[in-house]
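Presented below, as structure tokens, is a lone chain in the form predicted on its own.
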């Protein structure tokens, strides 16, 4: 299958720099320079006319500076990714560039390998964003496959990714129990394990040793609803359908990022919610989930390293162009005896913690060791009520985002 070339627009007021970049990229078979601009104003205009995947943007230009131009381009065409080039590796410049929506920040003159790697990463993101937009348009025009197969309504299911940038914060516990809380006859839920090397979702529901993602990934372009239903683990006690991770770490290499994303997007046709559990490592698979997620449940605890990592992740999402409204921020294992409160963390990170799930080691650890999620037999306990609050917060956030999308579409 032919890979689409990454189309580049170079914006720099120095002719020599524009020519050097063109020469540097001319031997890359997967990259094409489609145009050059001598100013920020011309760059904005050509970005509209040429519709590139990636803009290489100088930060200092005489008319409109690179940061202002980046902000304008990204607002008009959110799928266009911008890589900022600057002679100064100043942290303040870098922060402003990322806030404006830049995908990357490189010091001039960039090293050849460094520049090409940044372009390929940005190009991959641009192609994914375009494909997502096209898929949404197709879904809006026709959802006949869904109806014909008898799976739910015409509208596409929502992907909810549960993530923590710090290991050991209870990501799988939250994902499993949230999926159970969201699942009912009207809103069927698929739970997917995106920790392909060391995923534990199957163990948490005492269903290890059964089918895994390996049964679906190789045939991702020819899936049928009946086949998918047969391969997914049917967790009788909760009614969840579960797509487990491979049983051995080395098997993770058999699944590509593209295959995994396509499987999750196919599940969207069949289920009202697709809850994705992730590893704390930002693998390509995990990053791809942020791209296609309707909501990201971000976990922190009251530990300083966990809060620090949450701050870094929120900054990263901003640089990736992910709207902060899509993030449902959660404090897990909340202990009232500790002075670090959700309110303090919300204020410090400038992002509200929507839900605090209380600490209850006895119930949670017992549930994990039994393979019986606590939302099945302890949902009336404070920790269970915390998960129910989270489910309501996620539903409310998705409804609000859907309303905004509809209003935006009408405008």
Ligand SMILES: Nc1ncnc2c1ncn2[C@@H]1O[C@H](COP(=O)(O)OP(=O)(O)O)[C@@H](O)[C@H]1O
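Nothing here was measured: the structure is a model prediction, and the numbers come from that model. Numbering follows the first chain given and starts at 1.
Omitted from view is the form predicted together with the ligand, to which the following refers.
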Segment assignment from 232-240, 184-192, 107-115, 169-177: heavy atom within 4.5 Å of the ligand in the predicted bound form: 169-177
The ligand: the contacting residue among 37, 67, 383, 355 in the predicted bound form [heavy atom, 4.5 Å]: 383
Listed residue (271, 313, 204, 290) with a non-hydrogen atom within 4.5 angstroms of the ligand in the predicted bound form: 204
Close approach of residue 42 to the ligand in the predicted bound form, 4.5 Å, heavy atom: no
Touches the ligand in the predicted bound form: residue 103 (any heavy atom, 4.5 Å): no
Contact flag, residue 47 vs the ligand in the predicted bound form, heavy atom cut 4.5 Å: no
Contact test in the predicted bound form: residue 364 vs the ligand, heavy atoms, 4.5 Å: yes
Residues 77, 124 and 131 all lining the ligand in the predicted bound form, heavy atom within 4.5 Å: no
Within 270-294, the residues that have a heavy atom no more than 4.5 Å from the ligand in the predicted bound form: 280
